[in-house]
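Let's start with one chain on its own, the form predicted alone, as C-alpha cells.
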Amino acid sequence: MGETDGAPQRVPFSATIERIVQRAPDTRSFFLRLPASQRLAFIPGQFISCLIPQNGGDAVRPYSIASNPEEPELLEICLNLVPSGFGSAYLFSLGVGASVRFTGPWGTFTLDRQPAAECVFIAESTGVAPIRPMLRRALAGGGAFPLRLHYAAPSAAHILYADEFEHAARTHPRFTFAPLVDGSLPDVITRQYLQRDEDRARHFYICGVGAIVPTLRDLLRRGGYERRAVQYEKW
C-alpha cells in the first residue's frame, strides 16, 4: 500500500471528488477519495498542492487539509470562490466524480501534539481549515491545559463548522469557542492575552488571509510571547 509517511510526494496523487458540501454562500468543501492502494500520511495543519490545468500545463495552488490524519483515504479541502482566482474557479467548476491531481503533504504550520501550555487558535474565514484538525488532535490527546478558538468571519453564515465547534465546547470543559462576527480581532486578542494578565506561557496558532496574520503575530511577540510560541500561516 502506498503511503507518504509524512514526507511530501512529488509524484502527483490522483483523487476522485466523492462529495461536495456547501459550507457558506461562497465556500465549499471538496472530499477527495484516494485509490484503495494509496494513503496520505500528514500532520494536522499541512496542505496539498493541487495541479490546476492551465495553458497546456499545470498551475499549482495550495489548499490546507481540513480533515483528520486518522482518515487519510478521504481528504477534505475547504475553500472560498476568490474573485479572479484561477484555482478556486476551476475547482468550483468540477462535480462529483471529477479527478483532482495534487502533491504533498507540505507545510510546517503544524500541531502533532499539544504542548504543555494553554493553546490559543486564531482563525479568520477559511483560515480555520488547517486549525480544525489541529484542534481535533489536541482534544483527542487529553490533558489539562486549556484550548481556545477565536474565529473571525464577516457574518454568522461564514463561521464554518460552527456546530462542530459548539459541540466540542459543550463536550470538553477545557475548550472554549469564541466566534467573532462584529468587532476587531486584534482588540480582542490584546484584551484577552496582553492586558488581562502577565502569563506569557501560552502557544498561539494563527491562520488567515492577508495583513491580519502578521498584525496578530507582531502584536503577540511585541507583547512578550516567545517567537516559537506564535506560529502562523498567511494566505
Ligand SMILES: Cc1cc2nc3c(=O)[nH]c(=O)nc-3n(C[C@H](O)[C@H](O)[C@H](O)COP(=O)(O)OP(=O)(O)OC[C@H]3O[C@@H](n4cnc5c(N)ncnc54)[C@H](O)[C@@H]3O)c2cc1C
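Quantities reported herein were computed from a predicted structural model and do not represent experimental measurements. Counting begins at 1, following the sequence as shown.
Same protein, other form: the form predicted in complex with the named molecule, not shown, and the subject of what follows.
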By the heavy atom within 4.5 Å rule, which residue out of V209, A41, A201, V181 makes contact with the named molecule in the predicted bound form? V209
In the predicted bound form, the residue from T110, Q114, N80, T103 with a non-hydrogen atom within 4.5 Å of the named molecule is N80
Work out which of the listed stretches, 55 to 63, 191 to 199, 31 to 39, 171 to 179, brings a heavy atom within 4.5 angstroms of the named molecule in the predicted bound form. 55 to 63
Check S84, S88 and E233: does every one of them have a heavy atom within 4.5 Å of the named molecule in the predicted bound form? yes
Under a 4.5 Å heavy atom criterion, is Y205 part of the interface with the named molecule in the predicted bound form? no
In the predicted bound form, L75 touching the named molecule (heavy atom, 4.5 Å): no
Is it the case that A129, even though its partner is missing from this view, gets within 4.5 Å of the named molecule in the predicted bound form, heavy atoms only? yes
Pull the contact list for 41 to 58: residues with a heavy atom within 4.5 Å of the named molecule in the predicted bound form, in sequence order. F47
